[in-house]
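Single chain ahead, written as structure tokens, the form predicted on its own.
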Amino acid sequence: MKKIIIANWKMNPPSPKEAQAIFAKVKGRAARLSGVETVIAPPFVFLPILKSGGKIKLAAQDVAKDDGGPWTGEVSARMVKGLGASYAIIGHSERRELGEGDEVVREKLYQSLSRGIKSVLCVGEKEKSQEVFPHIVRDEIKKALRGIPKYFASKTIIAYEPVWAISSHSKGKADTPQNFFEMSIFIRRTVLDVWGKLAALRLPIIYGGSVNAKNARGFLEVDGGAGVLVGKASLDAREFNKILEIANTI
């Protein structure tokens, strides 16, 4: 099975020219790699100028919780799909930090899945605490999947993204592959409670949080891990291409 490598550009780069330059370098490298599903999640405004196809896909960084209506500034799943996005990131910790609650995340996940978009549900804890974080992650998953039909499981990916490990935080430091392995088992057990055994076994689980070319291999080699969600390092085409090459060898 191909490793899923997702680049989350967040609110970068500042210009269309720079976005096209990064995209072109990554697309050229991805075209030569058969063992990787390469996904780029640029800001909404760059989706129309970046062309998916071949071995590279586009993702939306978010979708609205409704399909249309008087929601100034919102962008629907139908809109981003029309612009070529076949993936969407849902419930990223930076969106949750802005006030997105579990119910909003669930509604956004449903909108994305109902449009046939592969949806990356982000879950993770703010503090590194063995006593607290399993409960937080379990609750985020169960609340996000509540009421969503299990036939959507084939379009769902879960990204374990401990907030404390994200590089945009002043003390952000990647988690360990061993902990990602343990969390992937915990996540599957939680999904089993909601969608059953088959979905739990097949659902891809990826890691996000200060991923770079130096530590990517450890996460990509985790048994049961399906890939990585890359933030800051994805804006450096050479760095991101190294991650793609590593994934292609596993």
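We number the residues from 1 along the sequence you see. Worth saying up front: this structure is predicted, and the values here are computed from it rather than measured.
Not pictured, yet referred to below: the form predicted in complex with 2-phosphoglycolic acid (PGA).
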| item | value |
| --- | --- |
| Partner contact for K108 in the model of the complex: 2-phosphoglycolic acid (PGA), 4.5 angstroms, heavy atom | no |
| Residue contact check: E140 to 2-phosphoglycolic acid (PGA) in the model of the complex, 4.5 Å heavy atom | no |
| Any non-hydrogen atom of A144 within 4.5 angstroms of 2-phosphoglycolic acid (PGA) in the model of the complex | no |
| Partner proximity in the model of the complex: S210 to 2-phosphoglycolic acid (PGA), non-hydrogen atom cutoff 4.5 Å | yes |
| In the model of the complex, segment of 150-158, 108-116, 69-77, 88-96 with a heavy atom within 4.5 Å of 2-phosphoglycolic acid (PGA) | 88-96 |
| Site check K3, I5 and N248: each within 4.5 Å of 2-phosphoglycolic acid (PGA) in the model of the complex by heavy atom | no |
| Contacts with 2-phosphoglycolic acid (PGA) in the model of the complex - residues in 217-231 whose heavy atoms fall within 4.5 Å | L229, V230, G231 |
